[in-house]
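This document opens with one chain alone, in structure tokens, the form predicted alone.
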């Protein structure tokens, strides 16, 4: 029987409101006409073997079909047409004549076939998780009104590891979280009610995420206390039916901080034994524990340098204790000195990851993955890709992307990040002057490394919409889709998400897609153009415009703006030498001023304000124009949204309208702050009379 909350919509007027908690898994009811193409789908689901994950797959298929199509779908074996759910070996037993495609771990096959007079809809996985992913893929197609009548489709994940990181603290606060308190922790312990954790795991499974680090990378050693590990088990139990492995961020000093030892030196046998015993204890409680994410020797976090040891020493010590259990270590390359002398023009935070990890290439064990931020600074609105992706040829890599919008509007401003991530993943590092996209490097496909993948900093919270507003969820969905298949384009990803989240009304889909796809460039225009960074308050809230906060401090996010010009000189010839960390073919793009793309000019070069860009504008005029253009475009987002009343449920319509109107006001604040700041520095007025000239007689 169909849940009364999902009574069939007749297709007229605005669609009914749906729970924000469901995000893109709303399974909105189809009207009679749009349900017709699915009338021949089976009404029985047969599962070929038993497991927690297959039970979730079966229940999801039944619920989704019932809610969308208003049909009764039953579980059970027997004669007649059926959905068959199971792994490849079990499918061969059930339908011996099948010619199954080769499937990698977590891959799936959707196929309509006939066997012994039955019409069968096969959802076959290389493993149980693959079956679950296949169910979600099928339901997505129905929700988006795709033709599945003769489907024959095999899907494989691009990379083995597809994790999200949550920066949750045990007190329930989330560092850089903008969607409410932690879904895992409160008052120093794991929440008693983990319903939200299970709902989150379901969302993650629907986009192919197979692991989640649940606590802040600035880790609290208390997670390793004997009384805390059973609490972590509760989260693992909530995740397990959805095939998501729980993982922990680890503080390397835990053996000492918890009082067991007087050292945490990674080459000390006592320390290695402590970690082995602790990891064995974790696996006794959580047999499918995924492993650790580690931040060390960065921003005050303890690390191996305390004892003169290397990152390889630390990572390998823990990796060796994890290996018998199948666990992995994601070791973050975000290691830098945040007390740099800003007066030394050769100092450069951008060089830190490569300088720390390139010399260690080949020294890490095969279950260690170096987790590298997409850019060399810190999730700025525009950065080049990190040269470290090309600097590790004998070491597993993962790309770290930030779903939570720390420097890109903190979910209070629309900024769809998939186009940014897609540029980074597609960037050609030209190793040995051959085509070498970043996505192939992180998947281990170039140098045939055993593992690698994707890590996204998600930071969902207890708010109804998970991330603080419903439009921001496109970034979480988009991360999962790119982690599964980085060849997907932003246009396809956002169309999928919009249809799943808001329905198939063509005008709604066109409008939201257009808004989302333009939003990154709009945000960049009114914040930090030409690769200068977002010019946000670096030493404060990472949100408000405060360009001077970047200068004259040790954090290294400098733009070097002065009376004569702006930008960091990172050239080999006269600057910090950062460009030399790239392969020679990439150096040839960025080193010469004449070939450096405008969008990254100020990241690589210090130039006069009068320098003429490839566009024909001077740098100073581009800064003025981009900020005025961005503010106007931000206002335009709200105007586009105002075309949709009656096509979107009223609650979300009003919520998003308020968000966009706020963004338009903030864009003006940004515009005026940055334009007035750069005018005061340069003394060069805006050619169009908007900045500077007004105060002149």
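Treat the numbers as computed from the prediction; the structure is a model and nothing was measured. Numbering follows the first chain given and starts at 1.
Although not depicted, the form predicted together with a small molecule is the subject of the following passage.
Enquirer: Where, among 73-81, 142-150, 174-182, 500-508, do residues come within 4.5 Å of the small molecule in the model of the complex by heavy atom distance?
Expert: Result for this chain: 174-182.
Enquirer: Heavy atom to heavy atom, is residue 167 within 4.5 Å of the small molecule in the model of the complex?
Expert: Residue 167: yes, in contact with the small molecule in the model of the complex.
Enquirer: Does any heavy atom of residue 481 come within 4.5 Å of a heavy atom of the small molecule in the model of the complex?
Expert: No, no contact at 4.5 Å.
Enquirer: Does residue 218 reach the small molecule in the model of the complex, with heavy atoms at most 4.5 Å apart?
Expert: Result yes; residue 218 sits at the interface with the small molecule in the model of the complex.
Enquirer: I'd like to know whether residue 542 contacts the small molecule in the model of the complex, with contact meaning heavy atoms within 4.5 angstroms.
Expert: Taking the distances in the model of the complex, the answer for residue 542 is yes, it comes within 4.5 Å of the small molecule.
Enquirer: State the residue from 477, 289, 364, 407 whose non-hydrogen atoms include one within 4.5 Å of the small molecule in the model of the complex.
Expert: Contact check passes for 407.
Enquirer: Using heavy atoms only and a 4.5 Å cut-off, determine which of 426, 299, 548, 491 is in contact with the small molecule in the model of the complex.
Expert: It is 299 that has a heavy atom within 4.5 Å of the partner.
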